[in-house]
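So this first bit is one chain, no partners, the form predicted alone, shown in structure tokens.
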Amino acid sequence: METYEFEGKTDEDAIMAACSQLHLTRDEMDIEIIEPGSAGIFGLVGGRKAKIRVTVTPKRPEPPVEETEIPVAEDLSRPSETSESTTVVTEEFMAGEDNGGIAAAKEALENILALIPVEGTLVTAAQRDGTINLNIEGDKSGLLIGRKGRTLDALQFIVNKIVNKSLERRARVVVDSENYRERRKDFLIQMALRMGDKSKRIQKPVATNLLNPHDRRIVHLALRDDEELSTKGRGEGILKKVVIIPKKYSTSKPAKSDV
């Protein structure tokens, strides 16, 4: 057995770091929390690191699949000074619609931002196709976006919980900042196309790093119409990899002998 120690802002962050670095699911690890952590105020202020100990029992390795890490590009979380936002979100209250959800969502996000030391931000709201869209303007540092949009996802999760608890009906709220989600989508599509081309060129499967369900869906859809490729998720839990497989690969491989 092998033992490792990991740290993170919270217990969950430390576990995710262990899963990512060891390429294992949490079910494949014996996890012991040495020191509980605290994320502070929405993971930004007053955080205390958590520490865990992970014990792993060696197992027979799976056949190798080439993996491509998605780089954490600074320009995804920090808007470019020379580029213009492609989407301007304004408050749009559709006639005949229940606008209570929009008001509740906007107020919830504004109350959260008031607790975070970020000045000069403005929340605008719109409702389109049944989805409440909130956009934070003025976050030039990318602080509210966070690494790979994790802070933005945390804000969105909290606002959805608040809104759905206050309304009698279920509502879906999407929180964005400086058009990050559209830029992230474009980035993932281009990454998927490049990896797809590479998979066809080398005639071997390639895999992304760990992605959340929303990002995995973008990768699957980007390659859905390519008749030479197939995609599948690999892993357990919320974060999984997307394996891109050339369709000729399964038929061209020599059959394994049973002896």
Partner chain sequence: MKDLISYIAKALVDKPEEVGVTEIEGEQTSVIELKVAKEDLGKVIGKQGRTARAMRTILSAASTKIKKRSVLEIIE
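All of these numbers come straight from a predicted model, not from anything done at the bench. Positions refer to the first chain, counted from 1.
Quick note: we don't show the form predicted in complex with the partner chain, though the next part is all about it.
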Could you tell me if N111 has a non-hydrogen atom within 4.5 Å of the partner chain in the predicted complex? yes
Might E107 be said to contact the partner chain in the predicted complex, defining contact as any heavy atom within 4.5 Å? yes
With the cut-off set at 4.5 Å between non-hydrogen atoms, does R150 touch the partner chain in the predicted complex? yes
Does the partner chain get within 4.5 angstroms of any non-hydrogen atom of V123 in the predicted complex? no
Since the chain is shown here on its own, which stretch among 181-189, 125-133, 142-150, 167-175 would lie within 4.5 Å of the partner chain in the predicted complex, judged by heavy atoms? 142-150
Would you give me the residues of 172-201 that have any heavy atom within 4.5 Å of the partner chain in the predicted complex, in order from first to last? none
